[in-house]
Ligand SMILES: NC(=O)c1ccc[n+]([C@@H]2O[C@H](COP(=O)([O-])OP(=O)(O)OC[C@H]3O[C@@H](n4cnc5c(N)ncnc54)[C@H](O)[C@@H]3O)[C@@H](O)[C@H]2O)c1
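Only one chain is given next, in structure tokens, and it is the form predicted on its own.
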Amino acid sequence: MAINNILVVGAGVMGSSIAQVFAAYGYKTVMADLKQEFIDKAFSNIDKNIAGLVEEGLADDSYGKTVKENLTGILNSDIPARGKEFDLVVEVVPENPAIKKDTYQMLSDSCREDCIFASNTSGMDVFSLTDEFLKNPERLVITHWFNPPHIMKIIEVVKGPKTSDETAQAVREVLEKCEKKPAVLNNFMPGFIVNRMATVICRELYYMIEQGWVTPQDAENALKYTDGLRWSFEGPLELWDFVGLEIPIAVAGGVLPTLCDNKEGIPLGDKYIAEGKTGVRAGEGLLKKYPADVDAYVKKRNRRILTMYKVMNEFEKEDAAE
């Protein structure tokens, strides 16, 4: 499965950043969207992304030049005429079943039967959605990128019931050539890996806060200044190995019976949603009030991610040298 030409369908914040990654690593990349104005905005977003990488010393002038040489934009209406060109299509359209289904019907009709389709869905079962009409369903896989894609290294690669090992391996190799860290999940399940674990952690924290056992800020600090400090070089599995399994497994015996096991939802989260306190873009969430300038907040957050990105790169070099 030689992959040279890539189509990214959906040129929003995620799609444009994903297209930027492929183009930066030498893949001839085309990004498509419904209107030319969306394509123009995508190129503007990419210029800002590149400027941020250069500012942080993570890219030079040749990086931007390579992206521009390898990246072009088209309208969705152009895909049927050009579909046979592509070896890999990454779908980044809205999380709406009807839109997804229409997109895959069009791709199935337009692309070669050996072209790999990769969905950026964060949780939708695209395998069941497309099972009735997709030709060669063994070439469909999920690649769940995290925001911002041009910075975040992890990508969850999720296989469906008919996804072939060859498809998953071909996608893994492309992502690794782009210096990403693919994590393959052999079976589709809600939440995949990252959101599944985030749900477990936040359900318990929201429960502890709701019970009055701890304040939101103290709960935040408890994880930020322990796991937050360590996880850049040592994940939870390695931490237990370091501590020695006897201790955490013994602790788990006392903790497990007391954990929240609500399977219906997260009541405190529902309360805040009802009050309109949904987080950064609403100006207030469970933890605190947020500044009105959301773009400035996002820029600060991205800068901090870039700082940690550089630190983790140094850790990786250190580990590779051992």
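Nothing here was measured: the structure is a model prediction, and the numbers come from that model. Counting begins at 1, following the sequence as shown.
Absent from the display: the form predicted in complex with the named molecule. The rest refers to it.
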Tell me, out of 130, 108, 163, 120, which residue has a non-hydrogen atom within 4.5 angstroms of the named molecule in the predicted bound form.
-> 120
May I ask you to choose, among 178, 168, 219, 93, the residue with a heavy atom within 4.5 Å of the named molecule in the predicted bound form?
-> 93
Can you check 207-215, 170-178, 143-151, 229-237 and let me know which stretch has heavy atoms within 4.5 Å of the named molecule in the predicted bound form?
-> 143-151
Although the named molecule is absent from this view, report whether residue 76 comes within 4.5 Å of it in the predicted bound form, heavy atoms only.
-> yes
Spell out, yes or no, whether the shortest heavy atom distance between residue 38 and the named molecule in the predicted bound form is within 4.5 Å.
-> yes
Is the gap between residue 100 and the named molecule in the predicted bound form 4.5 Å or less for some heavy atom pair?
-> yes
Using a 4.5 Å heavy atom cut-off, state whether residue 34 contacts the named molecule in the predicted bound form.
-> yes
In the predicted bound form, residues of 10-44 near the named molecule [heavy atom within 4.5 Å] | 10, 11, 12, 13, 14, 15, 33, 34, 38
